[in-house]
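Only one chain comes next, encoded as C-alpha coordinates, the form predicted on its own.
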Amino acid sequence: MIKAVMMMNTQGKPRLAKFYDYTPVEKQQELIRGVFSVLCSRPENVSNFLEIDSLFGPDSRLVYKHYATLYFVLVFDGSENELAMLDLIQVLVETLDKCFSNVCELDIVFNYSKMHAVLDEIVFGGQVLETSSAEVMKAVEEISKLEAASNSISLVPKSVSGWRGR
(Lines give C-alpha, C1' and ligand atoms only; values in the text may rest on other atoms or scores of the structure.)
Protein backbone atom coordinates (compact mmCIF):
# COMPACT_ATOMS: atom_id res chain seq x y z
CA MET A 1 0.00 0.00 0.00
CA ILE A 2 1.13 3.51 -0.73
CA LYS A 3 1.39 5.48 2.50
CA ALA A 4 2.09 8.95 1.12
CA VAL A 5 2.70 10.95 -2.04
CA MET A 6 4.72 14.14 -1.74
CA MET A 7 5.98 16.81 -4.08
CA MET A 8 8.36 19.32 -2.63
CA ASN A 9 10.73 21.87 -4.02
CA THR A 10 14.49 21.87 -3.50
CA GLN A 11 14.10 24.21 -0.51
CA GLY A 12 11.84 21.70 1.26
CA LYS A 13 8.52 23.50 0.76
CA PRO A 14 5.80 20.90 0.24
CA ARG A 15 3.80 21.61 -2.90
CA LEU A 16 1.56 18.59 -2.55
CA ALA A 17 1.38 16.06 0.26
CA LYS A 18 -1.21 13.35 0.48
CA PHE A 19 -1.17 10.75 3.26
CA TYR A 20 -3.30 7.63 2.88
CA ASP A 21 -3.24 6.71 6.58
CA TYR A 22 -4.66 9.03 9.19
CA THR A 23 -1.81 11.28 10.26
CA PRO A 24 -2.27 14.46 12.32
CA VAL A 25 -1.10 17.64 10.59
CA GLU A 26 1.79 18.16 13.03
CA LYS A 27 3.04 14.64 12.34
CA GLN A 28 2.66 15.19 8.57
CA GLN A 29 4.83 18.30 8.78
CA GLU A 30 7.41 16.42 10.82
CA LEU A 31 7.45 13.57 8.26
CA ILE A 32 7.81 15.99 5.34
CA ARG A 33 10.74 17.71 7.08
CA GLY A 34 12.31 14.31 7.81
CA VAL A 35 11.92 13.14 4.21
CA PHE A 36 13.40 16.37 2.88
CA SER A 37 16.38 16.19 5.23
CA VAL A 38 17.08 12.65 3.98
CA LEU A 39 16.70 13.64 0.32
CA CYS A 40 18.81 16.78 0.39
CA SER A 41 21.67 14.98 2.12
CA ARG A 42 21.90 12.28 -0.58
CA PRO A 43 24.39 12.63 -3.42
CA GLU A 44 23.10 12.58 -7.01
CA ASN A 45 24.85 9.32 -7.92
CA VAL A 46 23.11 7.03 -5.39
CA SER A 47 19.98 4.91 -5.65
CA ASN A 48 16.52 6.49 -5.57
CA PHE A 49 15.28 3.81 -3.18
CA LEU A 50 15.44 4.07 0.60
CA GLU A 51 14.25 2.13 3.60
CA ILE A 52 12.67 4.70 5.84
CA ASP A 53 11.59 2.71 8.88
CA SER A 54 12.76 5.43 11.26
CA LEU A 55 10.14 7.89 9.97
CA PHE A 56 7.19 5.82 8.77
CA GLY A 57 7.49 2.65 10.83
CA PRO A 58 8.60 -0.88 10.05
CA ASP A 59 8.65 -2.16 6.46
CA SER A 60 8.42 1.35 4.98
CA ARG A 61 10.22 2.27 1.81
CA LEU A 62 10.65 5.46 -0.13
CA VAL A 63 11.31 6.06 -3.79
CA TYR A 64 11.93 9.50 -5.23
CA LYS A 65 12.78 11.25 -8.45
CA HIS A 66 14.26 14.72 -8.77
CA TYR A 67 13.09 16.78 -11.75
CA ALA A 68 14.31 20.38 -12.10
CA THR A 69 13.24 22.08 -8.84
CA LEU A 70 10.87 19.36 -7.61
CA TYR A 71 11.20 16.11 -5.71
CA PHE A 72 8.45 13.56 -6.41
CA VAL A 73 8.29 11.10 -3.50
CA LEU A 74 6.28 7.93 -2.85
CA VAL A 75 6.31 6.22 0.54
CA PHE A 76 5.00 2.66 0.55
CA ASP A 77 5.12 -0.64 2.41
CA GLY A 78 6.74 -3.94 1.46
CA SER A 79 3.74 -5.14 -0.54
CA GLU A 80 4.61 -2.76 -3.39
CA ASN A 81 7.36 -3.25 -5.94
CA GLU A 82 10.04 -0.54 -5.84
CA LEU A 83 10.49 -0.39 -9.63
CA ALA A 84 6.72 -0.21 -10.12
CA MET A 85 6.64 2.78 -7.74
CA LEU A 86 9.44 4.48 -9.67
CA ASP A 87 7.46 3.88 -12.86
CA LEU A 88 4.37 5.32 -11.16
CA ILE A 89 6.29 8.54 -10.51
CA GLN A 90 7.15 8.61 -14.21
CA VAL A 91 3.46 8.15 -15.14
CA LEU A 92 2.52 10.98 -12.78
CA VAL A 93 5.13 13.33 -14.26
CA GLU A 94 4.18 12.42 -17.86
CA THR A 95 0.51 13.06 -17.10
CA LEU A 96 1.29 16.39 -15.48
CA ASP A 97 3.42 17.34 -18.49
CA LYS A 98 0.42 16.63 -20.73
CA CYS A 99 -1.88 18.67 -18.47
CA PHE A 100 0.36 21.69 -18.16
CA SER A 101 2.78 21.31 -21.09
CA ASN A 102 6.06 20.89 -19.23
CA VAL A 103 4.94 21.01 -15.61
CA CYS A 104 6.73 23.32 -13.19
CA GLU A 105 6.38 24.24 -9.54
CA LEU A 106 3.99 27.13 -10.28
CA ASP A 107 1.62 24.80 -12.12
CA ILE A 108 1.34 22.72 -8.97
CA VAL A 109 0.82 25.77 -6.76
CA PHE A 110 -1.84 27.46 -8.92
CA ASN A 111 -3.69 24.36 -10.16
CA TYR A 112 -4.06 22.53 -6.89
CA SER A 113 -7.46 20.98 -7.62
CA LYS A 114 -6.32 19.66 -11.00
CA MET A 115 -3.24 18.19 -9.34
CA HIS A 116 -5.41 16.31 -6.87
CA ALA A 117 -7.70 15.13 -9.69
CA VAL A 118 -4.71 13.69 -11.56
CA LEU A 119 -3.31 12.07 -8.42
CA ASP A 120 -6.71 10.63 -7.46
CA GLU A 121 -7.04 9.05 -10.90
CA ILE A 122 -3.67 7.34 -10.45
CA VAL A 123 -3.72 6.51 -6.72
CA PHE A 124 -6.79 6.33 -4.53
CA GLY A 125 -6.86 5.19 -0.94
CA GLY A 126 -3.26 4.05 -1.17
CA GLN A 127 -3.96 1.69 -4.08
CA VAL A 128 -2.81 2.16 -7.66
CA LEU A 129 -5.84 2.60 -9.94
CA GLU A 130 -4.40 3.54 -13.30
CA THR A 131 -0.96 3.42 -14.87
CA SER A 132 -1.84 4.70 -18.33
CA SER A 133 -1.17 8.38 -18.75
CA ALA A 134 -3.64 8.54 -21.67
CA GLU A 135 -6.47 7.04 -19.58
CA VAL A 136 -5.75 9.43 -16.72
CA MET A 137 -5.85 12.37 -19.15
CA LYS A 138 -9.25 11.22 -20.51
CA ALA A 139 -10.67 11.07 -16.99
CA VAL A 140 -9.23 14.47 -16.01
CA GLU A 141 -10.59 16.07 -19.20
CA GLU A 142 -14.02 14.58 -18.44
CA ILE A 143 -13.88 16.00 -14.91
CA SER A 144 -12.93 19.42 -16.33
CA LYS A 145 -15.88 19.29 -18.76
CA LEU A 146 -18.28 18.42 -15.93
CA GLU A 147 -16.90 21.24 -13.78
CA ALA A 148 -17.29 23.72 -16.64
CA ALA A 149 -20.85 22.53 -17.29
CA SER A 150 -21.78 22.83 -13.62
CA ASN A 151 -20.31 26.34 -13.45
CA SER A 152 -22.44 27.47 -16.38
CA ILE A 153 -25.72 26.31 -14.85
CA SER A 154 -27.74 29.22 -13.56
CA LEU A 155 -29.96 28.60 -10.58
CA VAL A 156 -32.14 31.61 -11.41
CA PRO A 157 -34.47 31.18 -14.41
CA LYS A 158 -34.01 33.71 -17.20
CA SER A 159 -37.55 35.00 -16.76
CA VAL A 160 -36.78 35.94 -13.15
CA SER A 161 -33.32 37.33 -13.90
CA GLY A 162 -34.87 39.51 -16.66
CA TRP A 163 -37.41 40.78 -14.15
CA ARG A 164 -34.62 42.23 -11.96
CA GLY A 165 -33.49 44.51 -14.77
CA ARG A 166 -36.91 46.19 -15.07
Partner chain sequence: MTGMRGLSVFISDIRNCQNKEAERLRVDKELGNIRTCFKNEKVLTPYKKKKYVWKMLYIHMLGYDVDFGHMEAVSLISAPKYPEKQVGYIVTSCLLNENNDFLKLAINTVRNDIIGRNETFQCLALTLVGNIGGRDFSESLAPDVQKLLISSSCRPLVRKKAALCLLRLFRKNPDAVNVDGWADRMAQLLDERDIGVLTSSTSLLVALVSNNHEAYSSCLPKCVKILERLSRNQDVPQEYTYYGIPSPWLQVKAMRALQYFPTIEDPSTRKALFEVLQRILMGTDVVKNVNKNNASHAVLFEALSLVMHLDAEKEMMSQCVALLGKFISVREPNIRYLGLENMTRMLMITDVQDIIKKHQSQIITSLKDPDISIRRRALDLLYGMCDVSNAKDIVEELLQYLSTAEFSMREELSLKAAILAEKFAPDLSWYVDVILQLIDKAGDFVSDDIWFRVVQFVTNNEDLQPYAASKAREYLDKIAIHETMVKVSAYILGEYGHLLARQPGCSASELFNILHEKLPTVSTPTIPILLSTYAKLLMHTQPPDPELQKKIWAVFKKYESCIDVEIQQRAVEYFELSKKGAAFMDVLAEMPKFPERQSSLIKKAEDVEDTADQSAIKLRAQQQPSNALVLAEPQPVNGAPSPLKVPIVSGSTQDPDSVARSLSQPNGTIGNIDPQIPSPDLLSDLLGPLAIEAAPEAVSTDQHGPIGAEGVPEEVDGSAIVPVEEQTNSTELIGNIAERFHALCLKDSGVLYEDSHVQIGIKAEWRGHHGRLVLFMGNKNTSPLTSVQALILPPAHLKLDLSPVPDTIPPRAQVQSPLEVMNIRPSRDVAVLDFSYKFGTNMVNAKLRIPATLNKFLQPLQLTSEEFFPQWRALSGPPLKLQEVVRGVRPLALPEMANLFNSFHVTVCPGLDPNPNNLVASTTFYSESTGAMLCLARIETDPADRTQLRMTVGSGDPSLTFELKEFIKEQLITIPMGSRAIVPAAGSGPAQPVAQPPSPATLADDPGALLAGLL
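In this text the structure is predicted, and so the values were computed from the model without any measurement. Positions refer to the first chain, counted from 1.
Not on display, but discussed next: the form predicted in complex with the partner chain.
Contact label in the model of the complex: residue 116 to the partner chain, heavy atom within 4.5 Å: Residue 116 belongs to the contact set for the partner chain.
If you check in the model of the complex, is residue 144 within 4.5 Å of the partner chain, heavy atoms only? Although the partner chain is absent here, residue 144 would touch it in the model of the complex, with heavy atoms inside 4.5 Å.
I'd like to know whether residue 40 contacts the partner chain in the model of the complex, with contact meaning heavy atoms within 4.5 angstroms. Residue 40: no, not in contact with the partner chain in the model of the complex.
Taking the shortest heavy atom distance, is residue 47 within 4.5 Å of the partner chain in the model of the complex? It does: once the partner chain is placed as it appears in the model of the complex, residue 47 has a heavy atom within 4.5 Å of it.
Could you pull out the residues of 113-130 that have any heavy atom within 4.5 Å of the partner chain in the model of the complex? The stretch touches the partner through 113, 114, 116, 117, 121, 124, 125, 127, 128, 129, 130.
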